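In structure tokens, one chain follows: the form predicted on its own.
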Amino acid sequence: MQSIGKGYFTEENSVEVVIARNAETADQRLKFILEVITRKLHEMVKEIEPSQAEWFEAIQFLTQTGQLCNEWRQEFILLSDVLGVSMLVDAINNRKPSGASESTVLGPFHVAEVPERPMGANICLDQKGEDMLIHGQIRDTAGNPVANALLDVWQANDEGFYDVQQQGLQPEFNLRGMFRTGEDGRYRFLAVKPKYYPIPDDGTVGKLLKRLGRHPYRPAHLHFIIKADGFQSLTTHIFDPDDPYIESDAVFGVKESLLANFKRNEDPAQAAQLGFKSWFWDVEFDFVLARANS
């Protein structure tokens, strides 16, 4: 019988006994991860001192959360989101040099193989909502324009729904598009002003939010993935600073540097030039990419 990992379990030495049991683990990264998880879990239990009924309720919550997961719904990711863990993992894995644009979570509604559109095209295919112009420049941290950068953009409509949530109601690829910058690094496209929307709240995570007195809403935003040769890929949003949920995003995705200025433009000549019937929202926002080796 091996001597490693032997020992009698007590409340006082629980961490040491469990960690010692894993001493022969060949995968050192796994061993380290389990040591940290064991230590933090045992610290949590000792601090909370849950009753057996409370612990069983926690087990039931996790069980039901897993039972809700399938190929189109991931309740555990949602749980990670509302606890701020998804954003923390994103921050750790996307540390940027000074001056580079900050990242945020991808979200569940990204679609691959979206058509590339000519610069300046309108991604709103059903012509519903308040017209909006989005434009700006892609630069590096030295201020130089980034040519041939590919922008993958998508957003919810003016009712807070993505096209994949309303198949048959919204056109395919509605409010989605790919754009490629020229030598000046500038981008420009037309869309509609997005609206805040709730994350799925009909499951265990939604029930938890209600018990905590929290709402399930995400503030209005536009999604961007920006890629260019020689640069780190950037996955981010821009947000409407006047949104009612801007300071209480259910998934903690808002960063101050990602607040854009949504200006109302009532110049009829400019509206006509863009193909708009009346006033429109004008949003200018620049992105700064970090070099791949930074």
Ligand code: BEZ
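Quick caveat: nothing in here was measured; it's all calculated off a predicted structure. A residue's number is simply how far along the shown sequence it sits, counting from 1.
We do not show the form predicted together with the ligand, though everything after this point is about it.
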So which of 201, 163, 81, 131 reaches within 4.5 angstroms of the ligand in the predicted bound form, heavy atom to heavy atom?
81
Within 4.5 Å of the ligand in the predicted bound form, heavy atoms considered, which of 223, 139, 176, 193?
223
Quick check for you: of 87 to 95, 215 to 223, 139 to 147, 182 to 190, which stretch puts a non-hydrogen atom within 4.5 Å of the ligand in the predicted bound form?
215 to 223
Examine residue 76 and determine whether its closest non-hydrogen atom to the ligand in the predicted bound form is within 4.5 angstroms.
no
Report yes if any heavy atom of residue 251 sits within 4.5 Å of a heavy atom of the ligand in the predicted bound form; otherwise report no.
yes
Using 4.5 Å between non-hydrogen atoms, is residue 105 touching the ligand in the predicted bound form?
yes
Residues in 224 to 248 close to the ligand in the predicted bound form, defined by a heavy atom within 4.5 Å, in order:
237
